[in-house]
Structures are given as structure tokens and as C-alpha cells.
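Heads up, the chain below is alone and in the form predicted on its own; it's given as C-alpha cells.
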């Protein structure tokens, strides 16, 4: 009896010791249902393969994500592993020492050159400052124009119509819009997402990349948002509202979990989409996806196309006490590019992504790769969250109140110069 009790006591002690010895990694991401589902699956698989490590995964609502993450890391209360956009990462997190360079040994690489060889040439650029790499890409994004074909046909346009310029888009989108007897718009031919500041700034960059607009000068010492190039970029967007009657931000659903809800619900005929957005439409309304086509976004200069490129990267908190384990976990997340491609529609910029077996079933694979070839990373600017919030406020005054673009940009310049102080 005593022997049995001793065995039970010893087993209990062993289990308690094992539990106490278990390392805990905390991991935060923004809300995107397909991504969250795969994250949860990979977390479970990682813990099964690494019983000495526990991963606590938390999802932050999109409209709170950027502010909550930067505050948490700045106050030493943030997670061990973050998933962050390249602009925020290179403009705020890296300069402020909030994240650490990649631990190559813990990630399973002998050299930085070996790691780089696994990605397309620009794959790690969104997490690189002064030649030092701080993150692994979780998604690599660019934009295409998503069109619901039945709306085109009903308005008398051929199924294969695609706009080369923004004016062509505006003219057709205006004809696809619908209004009630009182002149109130009930359907939008083309519109974008009016959500949080990051969405406003990122979508503006689609136009800005083509017009040559920059928020700040190359030295990062002064805002040049009041330039003719930035006025032109904003006017392209504003014209969709006021010139062509295609868009109306007052009608947006503002759904942070499903930001493409307006297109899915059928209240918008055309909008921008990134690779991950295809899955949202397919899950939201299979019939609508079956009648959707994707074409390149219009251009200011169709002979010399420019497409915006952006990305999200996994990185490790500089205050983390489990940095080697955190990098092991990130390497595990990054080692399933085929699943990210099919389950979430995330391009991870791997050098062999076009050779993945899953690529054969990836919608518009060739078109996405062609679009990426003409891609440019968005401008890296300081204090991204503050900058984006100021840009959002200015854009809303233009889009909602038809404020004068040039005058608004002069005021915005003052705000952005203050951000630099």
C-alpha cells in the first residue's frame, strides 16, 4: 500500500514538475477568420510536437489592433510573438527597439543568406532596417480589382471589360450605381473600405504609388503631403464619389471582421481585393464568388504600371523572456506556405511559391505573380499610427464633407510636421 502511495506521489510530483517546466509563448494577431482558424490549428500542432511549450493565442479586433499592440509592447506587457504590418514594423517597432533581429540559430538557419534564399528578392524587405532582418513574412500583399460580372452585363457592358485607367473605371462604375427616387444612392458601382486609419492610409497608397505621392521627404524631416502628386492621388479617390457618383463612404458597412462585407452583400459592384480577400468572398457568398472576376487595378500610366506591395511579418518582442522558443514557433508557422496559400489565400513570398502543389488550385495565381512583379513597397514613414490617424481625419473631411483637397493637405502637412517633433 505504501509503495503504491509512493508511486502515486512520485507520479504527481513528476507531472507537477513537468507542468512547472513548461515554457509559455504568448502570440497576438488581428482578426481575420481564415487566418485565425489556421493559426489555431498550427498552434495545436506545434504544442503537440513540442510538449514542453505552451502557446497562448489571442485575437485583437481590427479596429483596436494597431493601438493596443504598440501600447502593450511599449509598456512591456505585450506578447512574445506579434504579427505586424511592414509600415508599422519598420517605422515604429524596429526604430524604437521593440522587436529583435531574427535568431538564425533558433530558426534553424546557418546564415542570413540561407534564409534570404527561401524568399523572393523583396520578401524580407518589409522587416529590414539597415540590413538587419527582424521578421518572417506571414503574408505578402498586392491589389487587384474585383468585379461582379452580372452587374456589368446588366448595365450593357461585355463580360471581359476591364479598365486601363481610373477615368475608365469611374465612368463605368458611375453607370453601375443606382439611386432611389429622392436621389439617394442605394448601390455603389465602385467603392473602398472605410474602416480604421490603417485602411485609409493603405488604400491611399494604391493611388499614391502611381502618382509619386509621399507623406514625408526622403530624410524624414518634413511632410510633403501637400504636394501636387498627393493632391492627384486623393483626387482619383474623391472623383469616384463626387465626379462619377460611383462611391459613397456613408453607406459602408464598417465591418472590421469582414472588411469586404459591402461587396459580399451585393451593395458594391467593384472594389480592391488582396489575395486573402478572395477567401472572405468565397465563404461569404459562393454564388457571388462564382460570378466574380479579378483584373489588374487601373493605372495613371498604363504603359508603366505600378502596384503597391505590402506585407505582414511575424516578429519577437524585445522584452520576451522566451525569444529562442518564440523564433522556433515562428519558423513552424512559416513552414506551411501551401496551407497558408489554400486555407487563407496568403502569399508568403517564398521563392518556390509558384511550384507549390497547392498553387495549382490557387485562384488567379499567374495574375497575382504578374502583379507582384510590378510591385513597390509602400513608403516607410515615422510614427505610422499617428500619421495614419491624421491622414484618416483629412480624408474623411474630403470624402464626407467635400472639403477642398489642396487646403486640407496644407492643414494635414502641419499635423504631420508636428508628428515628427
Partner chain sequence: MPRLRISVRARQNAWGFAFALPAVVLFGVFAVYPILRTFYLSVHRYSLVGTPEYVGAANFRFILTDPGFAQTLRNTGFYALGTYVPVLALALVMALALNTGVPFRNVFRVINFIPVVISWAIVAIVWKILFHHQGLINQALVQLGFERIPWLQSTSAAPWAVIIPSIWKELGFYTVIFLAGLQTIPRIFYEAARIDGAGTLQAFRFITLPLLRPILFFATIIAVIEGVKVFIPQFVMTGGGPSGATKVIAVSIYETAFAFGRMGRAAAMSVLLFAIVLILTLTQNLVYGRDRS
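Numbering follows the first chain given and starts at 1. No experiment lies behind these values; they were computed from the predicted model shown.
One more form of this protein exists, namely the form predicted together with its partner chain; it is left out here, but the text below deals with it.
Look at 71 to 79, 330 to 338, 123 to 131, 145 to 153: in the predicted complex, residues with non-hydrogen atoms within 4.5 angstroms of its partner chain sit in 71 to 79. Of the candidates 180, 160, 113, 287, 180 is the one whose heavy atoms come within 4.5 Å of its partner chain in the predicted complex; the others do not.
Of the candidates 299, 292, 252, 320, 252 is the one whose heavy atoms come within 4.5 Å of its partner chain in the predicted complex; the others do not. None of the heavy atoms of residue 369 is located within 4.5 Å of its partner chain in the predicted complex.
For the chain shown alone, residue 385 is a contact residue for its partner chain in the predicted complex, at least one non-hydrogen atom being within 4.5 angstroms. Its partner chain in the predicted complex is approached by residue 389, whose closest heavy atom lies within 4.5 angstroms of it. Mapping the unseen interface onto this chain, residue 44 falls outside it, with no heavy atom inside 4.5 Å of its partner chain in the predicted complex. Scanning 82 to 102 for heavy atoms within 4.5 Å of its partner chain in the predicted complex gives 96, 98 in sequence order.
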